[in-house]
Each structure stands twice: as C-alpha cells, then as structure tokens.
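Next up is one chain by itself, shown in structure tokens, the form predicted on its own.
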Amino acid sequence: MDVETLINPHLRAMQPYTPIVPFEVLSRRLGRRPEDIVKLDANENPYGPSPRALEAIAHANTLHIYPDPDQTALREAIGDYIGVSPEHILCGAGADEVIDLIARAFIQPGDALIDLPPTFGMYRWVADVVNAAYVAVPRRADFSVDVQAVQALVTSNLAPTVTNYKLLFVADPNNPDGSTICDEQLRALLALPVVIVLDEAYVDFSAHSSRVSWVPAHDNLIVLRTFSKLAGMAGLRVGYGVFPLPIIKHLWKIKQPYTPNVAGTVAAIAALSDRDYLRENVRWLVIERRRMSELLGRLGWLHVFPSEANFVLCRVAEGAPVNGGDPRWPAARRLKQALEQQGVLVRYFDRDGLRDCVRISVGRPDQTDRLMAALEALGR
C-alpha cells in the first residue's frame, strides 16, 4: 500500500513554509556561542518581555490546569488596552493560528484568497493548506498597494476559474519592507465585496494609529495583532484578532479550545499592565531604526527603503563589495551568507521582487554597531 496516496492531493503538491533556521542550529553550524551572534533576521524585539511578564510566569500556579477556553481575563486586558469591547476579540497561539482559523472559516475549494506580494509568506502558505485559489496582485515597485488593480480584479472577474473572492490579506506595515496603507486606500478596499484581513503585527512602530476602532463599524474588516513584536514574546506565541460580531461567533466554533497556553496568557496580561515598558522599548527601536537606516545608506551600495516597522529592507547593488558564495547567486544572497560567516544574521528571500534585497531587523545599538562593522569589513 502506498499510504502517501491517501494524503490530500493539494497537500502532496504544496511547498512548505520556509521559517528561519533555529538559533541553536546556526550557533553550532557557525561554531559561535549564541551570545556572540547578532540575530537580526526575524524581527524579534531584542529587549524581551516586560519584567512583570517574566514575574507572572515565575509565579503562575495554574500551569497544571487547562487554560480558560473563553480567554476571559486576556480578552478583557486586550480590550482595555486597544479600546475595543472584548466581545470582538479572539486570541490564538500567535497571530498565525488566527490566520489559519480565518482561512478555514471562509474558504471552500475554488474560493479565492487575494494576496499582495511581496509580503508575509504565511498568507500564501495558508491558502495552500485550505486549497484556496491563490490570486496575487503584486505591489508596485515602491511596495505600495495597487488598489486599482485589486478593484479591477474583484469587480471584473479577471480570474474566471475562481468561484468567489473571499479574503484579501493586507499587512500594514508590510513585511518585509515596512510600508503602510493610507486611510483612503483602505476605505477603497473595504468598499469591495471581500473580507479585508489587516495584519497589524508591526503597527506599534508606525507613525499612524491602529485601525482596530474601525472594526465595529465594518462587517468586512478583521484586524490582527500580536505580542511577538511589541511585547517581546515571540517565543510564547500569543496573538489575537479583532472581528466583526457576525464573523467572530463562527470562529469560536472551530478554534482549538486551549490556546494560548497559561504561560503565554499570564505573561500577556502582565505585559499590558506595564505600558511604560512597552512604550519605552518602542521609542528606542524607532530611534535605532532611524540611526541604522542612515548608517546603511552611507555605504553607497545599499538602497534603504523607508520603514514604519522594526526592520528595514535594503536593495543590494550588483556591484556590492561581496566576495565568496556561488557567483550565480544574486549579490543580496551572497551578502547574507558573508554576514552569517561573521556571526551577523539577516534575512534573505528567494522570491520574486526580493531576490536583490535583504531585510535587517532593528536591534540594540550595540547590535547595529556589530552589523555596520561587518558590512564595512566587506569593502576592505
């Protein structure tokens, strides 16, 4: 018996999501101690969780008991923080779980999920998982959303094999470049007969405010948020969605009952009580983003895109002073490898629109200094 033939055909054919290589694995591969590695490849908050969050985990006395399936205390704390009634909020093991729930709630075979690449790869991955018709509307050269192209697609049925356009994912700020969408553009998209999923993972680092307050007034707007970036809790996996009431009641039916876990829940509640800590870390990261962008731009062979997130995207000139690596590779990929050999980790994406770019997370000032020293050493 060939048991693999029993697997759903669309899953046999799909490509897996490509995460970053685990830190410990890279440490062994590079022969460097973890503390000697500058990790700027995953947009993690280098300042980590609030001391209150760590203390809450240390003193949690219910780790042997299943979490509250209704997430009562966590949803109340989030609702107070964002100014939205808890009845609109559903939490998951990171925003990734919430993305998966949304896709499973809306998509049947033949239904379309609209994506705006280059962007967060999870949207394409979840489309493959639920066997959606994946329809891409590429961003412009400056990574702005081509609203007119989206409108033409949805209203003119430019993909005739699609039964229904259901979901449109919009990262704001966008990952990997940090660009944002203005109110006028978002309103134009909300006028379309699709559900807009606005992923605000990085909104705390942006000059514009969250659109969570828009949700109660728009039945086709979902806003995603996470504790990974703002609160430095990427390893604890806590995220949430803010939903219109006609949608959220159906999400509860299909959600696993016991996520997030107890440790993540108590840490998230404690983090939200330490707002000065959160605000101060955001302030330092925004300051460091500006400094790092200026220093990178001075090199002359990197084009630094404006960013409203905790990372910057850089286009690498083919004449960049990067030696080694496969000469057939783009300069950006060779740059990523060269920095890795010096113990500095940045992100490279082998996909359309990004093959000549690297994404660099904003770290602490000392990490920026290590990055710049490594880059400057390439030109010697």
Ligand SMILES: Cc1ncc(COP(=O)(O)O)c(C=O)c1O
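Bear in mind that the values here come from a model prediction, so they are computed numbers and not experimental data. One rule holds for the numbers: they count along the sequence shown, beginning at 1.
In what follows, reference is made to the form predicted in complex with this ligand, a form of this protein that is not presented.
This chain is displayed alone, yet in the predicted bound form one of 259, 180, 228, 131 has a heavy atom within 4.5 Å of this ligand; that residue is 228.
Contact annotation: of the candidates 120, 125, 277, 165, the single residue with a non-hydrogen atom within 4.5 angstroms of this ligand in the predicted bound form is 120.
Using a 4.5 angstroms limit between non-hydrogen atoms, residue 199 touches this ligand in the predicted bound form.
In the predicted bound form, this ligand lies within 4.5 Å of some heavy atom of residue 237. Taking the partner from the other structure, this ligand in the predicted bound form has a heavy atom within 4.5 Å of a heavy atom of residue 175. This ligand in the predicted bound form is approached by residue 94, whose closest heavy atom lies within 4.5 angstroms of it. In summary, the region of this chain contacting this ligand in the predicted bound form, judged by heavy atoms within 4.5 Å and restricted to 205 to 213, 249 to 257, 94 to 102, 75 to 83, corresponds to 94 to 102.
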